[in-house]
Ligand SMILES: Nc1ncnc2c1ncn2[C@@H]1O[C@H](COP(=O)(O)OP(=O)(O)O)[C@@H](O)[C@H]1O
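Have a look below at one chain only, the form predicted on its own, in C-alpha cells format.
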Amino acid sequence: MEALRLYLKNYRNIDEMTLDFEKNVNIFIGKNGQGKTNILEALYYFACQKSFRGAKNRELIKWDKDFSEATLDFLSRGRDFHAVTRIKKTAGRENFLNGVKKRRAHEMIGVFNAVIFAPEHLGLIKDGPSVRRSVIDFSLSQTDGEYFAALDKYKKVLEQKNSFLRASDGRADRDMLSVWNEQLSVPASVIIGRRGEFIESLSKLSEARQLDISGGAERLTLSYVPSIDVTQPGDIYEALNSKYDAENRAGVSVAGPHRDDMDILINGRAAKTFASQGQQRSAVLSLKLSECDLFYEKQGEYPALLLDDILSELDRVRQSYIVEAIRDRQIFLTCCDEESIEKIKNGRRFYITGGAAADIKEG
C-alpha cells in the first residue's frame, strides 16, 4: 500500500492543498491548530469513510463553503487507484473509484487501508468500552465489507429502537420491541462472530509484540467480552427479548454488540487496574502495530500507518521500538517540533501553517 498524492479542497481549515508523498516516511510539522491532523484524517477517511475523530461529514467542510473534496492516488497490490470523495452540505457524499461512481460507502472499504495511532488511543486501556469497540470496528470495517454493512444496519435499527423506548416512558409494547429485536439479530450475529475472530487473531500477534518490547517480561492477552454470549440470529433474538423489563426501566437497549468490550491482560492481570503507565503504553503500542501485522496477513501488504503526534507521548525506549518497527512501510506522522522526531533521519517533511504546506524538505 502506497499513497502517492493527496488533493484537498475546502477540507476543514484547508482551502486547497496538493501533497506528493514519499514512499516511506512523511512528516507534517507545525504548531497545534494548523491542519496537520486534518491531513491524517483525510487519509483515514479513504480507508473507513468516517472521521477517526468522530466528526460528522458536514463538519469536514470548511465553515464558509458548501462542499469539500478529497482526492487520493495510491498503489495497492500492484494496481493504480484514483479515489475521489465529495461532501456537500445539502446533498450528502459522493464517491468515485477510478472514475466509477460508487453508490454505497462500503464499496470504498478495503481498497485503501490505514491504521491510525493517536494520543487518545493511549486511553485504549484506561477508558471505557466504547473506545475499544471503535478501534475494533474501524479495523474490521476496512477488510470486511459485510461487517461494515452489518454494523451500519445495526446502528440504524438500534437508534430507532432506543427512540421508541424513550418515547414509551416505561410502557413499551412488547410486540413492537420484538420487531426491533428481530431486525437487530441478523446484523448482530455478523458483528459478534467477526469480533470474536478478530480479537483472537489480534491477541496472538500482540502477545509476540509485547514480549519483544518488554524483553520477555510481559505477556499480553486479549479476550472478547460480548454482551450476549450467543452467535446465531435466533438465539440473539431470544436473548434480546429476555431484556424487555430491564429495557422498559432503563429506556434504552441494554444488551447487544453496542455493549461489548475487550479485556486486556498483562501477565494474567487486568492492565487497567494493575499495569503501570509504561506497561499500558507498551500494550497499546503492541496492539496498534499488531493491527498492522493483521492487515498484512489478510491483504499481503501493510496499511499506511498514521501517527498523530504520538512520538512525543512515548519514552525513548518505545520511540526507538516504533521507529525500528516501521522501517518497511509507508508512514505519515505529525509533530509540533522536530525534536520529537530526531530518531527519524529520512523522509519528506511538510511544514504546515494555516492549512497550507508552507515548506517541503527532504529529510
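Just so we're clear, the structure is a prediction, and the values are computed from it rather than from any experiment. Heads up: residue numbers just count along the shown sequence, starting at 1.
Omitted from view is the form predicted in complex with this ligand, to which the following refers.
Asks: Looking at the partner-bound form in the predicted bound form, is residue 35 within 4.5 Å of this ligand by any heavy atom?
Replies: Contact with this ligand, yes.
Asks: With the partner left out of view, is residue 348 within 4.5 angstroms of this ligand in the predicted bound form by any non-hydrogen atom?
Replies: No, residue 348 stays farther than 4.5 Å from this ligand in the predicted bound form.
Asks: Spell out, yes or no, whether the shortest heavy atom distance between residue 61 and this ligand in the predicted bound form is within 4.5 Å.
Replies: Residue-level check for residue 61: yes, a contact with this ligand.
Asks: Can you check whether residue 327 is within 4.5 Å of this ligand in the predicted bound form, heavy atom basis?
Replies: No, residue 327 stays farther than 4.5 Å from this ligand in the predicted bound form.
Asks: Name the stretch, out of 61 to 69, 42 to 50, 319 to 327, 297 to 305, where some heavy atom lies within 4.5 Å of this ligand in the predicted bound form.
Replies: Among the candidates, contact is made by 61 to 69.
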